[in-house]
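Below you'll find only one chain, the form predicted on its own, shown as structure tokens.
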């Protein structure tokens, strides 16, 4: 069993905080913080009181779970049965495979070395059951390579927290004078079950190796791979296209049985003299349409700087689908929105294949109230129409003008403002040497600074002050987005900036 620790800052005390029942508590600590009295579950206020110089960052459970799954797939190199135990553990079944790595100690050493190569600090323990291994690595003092000399004694010496019971059951055991697993094991199982529930007995039996819980390994889907060999090499483009189309029909049938659609396709052409040509395409949405994929490969071949040279011909062609996602049958809406999204996604695929995946970009909303941080640009093919982001663009009220302009200056450009009153809207302004008369305005929209981030990620010179935004229109009907950076109680002479232009 492997437990991931944070090894980012070895010398400075670092803690990751998370919200538990409305209160901020430490969710993970590094070694430096642990040595100075910090522990998981401690309230942030108490931790600050004990250690004022503690560095605190917010936990990202989704990113942690994604990284833990990547580590689990990496551990597939040592065992076919790997299980994720959130939030920070992995369990590997070593029965029948440890002899391939020099025994249990050799296997543990290889795992630790591989994790150290990617900057991960690990704790390793081996036991007869997965629950015992997890308990030893989390609550025991053993951190050696290989099994403990006396596993039973080490398990019995663990605190009752190693049983993994609910807080109320653990508290009841503690109040009954049972401090260790050995204390609980010395009592009658019938009495333990009657007083503390059957879960306590089950957890105890699994720790002691009397009952084995099944391991639920991560599912490693069989990769989709299709191949065609030829008794005589082929070199005509029509023959290659016909073979590729046949392979795509095979792939489409296989994906249809699994309710999958491909997002990435790799075509490899093996030349008779040993050379190989590999072509890769991506799609914004999962698909199993052979004609669509064939058109994208034609675009990919046409965009090559050097055309394919078949030489004496190809004697083998393989098609690999390394990335596939669920694709179920759907009912088309009466307004035809699905067809419009599919057509736009196909256009994005063609342009990205022809020009490169990073040449075409789109804006994705971010969870930030700061205008310049409310979106970021990503490759359009990775966020094609139909991909619903966890954050949606705010929809303006029907018949109302947009609250935000489509075009923002980065950074905002300073303007000279004449206002009738200090805290009032702009009456006229000078921008790029031209004087503009304001005929109409709307605002202010007040946006506070991100005090919790201090100056991180802010526009140079834009930090720590309140912004008052105005939508203004000049006498010619042109509309601008202008803000005053700072209130007069925050700054004696706040500056004004042009942040965007409305269409």
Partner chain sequence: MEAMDAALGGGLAHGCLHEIYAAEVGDGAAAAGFTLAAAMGMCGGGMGGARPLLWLRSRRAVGALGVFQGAGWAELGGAPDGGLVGVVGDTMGLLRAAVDGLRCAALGAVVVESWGTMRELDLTASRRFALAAEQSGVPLLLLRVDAEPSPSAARTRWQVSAAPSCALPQAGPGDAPGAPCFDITLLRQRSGPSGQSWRLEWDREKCQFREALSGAVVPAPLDRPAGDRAGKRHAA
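Residue numbers count along the first chain shown, from 1. Just so it is clear, the model here is predicted, and its values are computed rather than measured.
Heads up, the form predicted in complex with the partner chain isn't pictured, but that's what we're talking about next.
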Next item on the list: Tell me, yes or no, whether residue 118 is in contact with the partner chain in the predicted complex, where a contact means a heavy atom of each within 4.5 Å.
Entry: no
Item checked: the partner chain contact in the predicted complex: residue 299, any heavy atom under 4.5 Å -> yes
Notebook entry, point to check: Looking at the partner-bound form in the predicted complex, is residue 444 within 4.5 Å of the partner chain by any heavy atom?
Noted result: yes
Check: Would residue 473 show up as a contact with the partner chain in the predicted complex if we use heavy atoms at 4.5 Å?
Finding: yes
Next item on the list: Select from the listed residues 177, 274, 231, 399 the one whose heavy atoms reach within 4.5 Å of the partner chain in the predicted complex.
Entry: 399
Item checked: Sole residue of 284, 412, 89, 371 within 4.5 Å of the partner chain in the predicted complex, by heavy atom -> 371
Check: Of the listed stretches (353 to 361, 68 to 76, 81 to 89, 266 to 274), which one has a non-hydrogen atom within 4.5 Å of the partner chain in the predicted complex?
Finding: 353 to 361
Item checked: Members of 55 to 72 lying within 4.5 angstroms of the partner chain, judged by heavy atom, in the predicted complex -> none
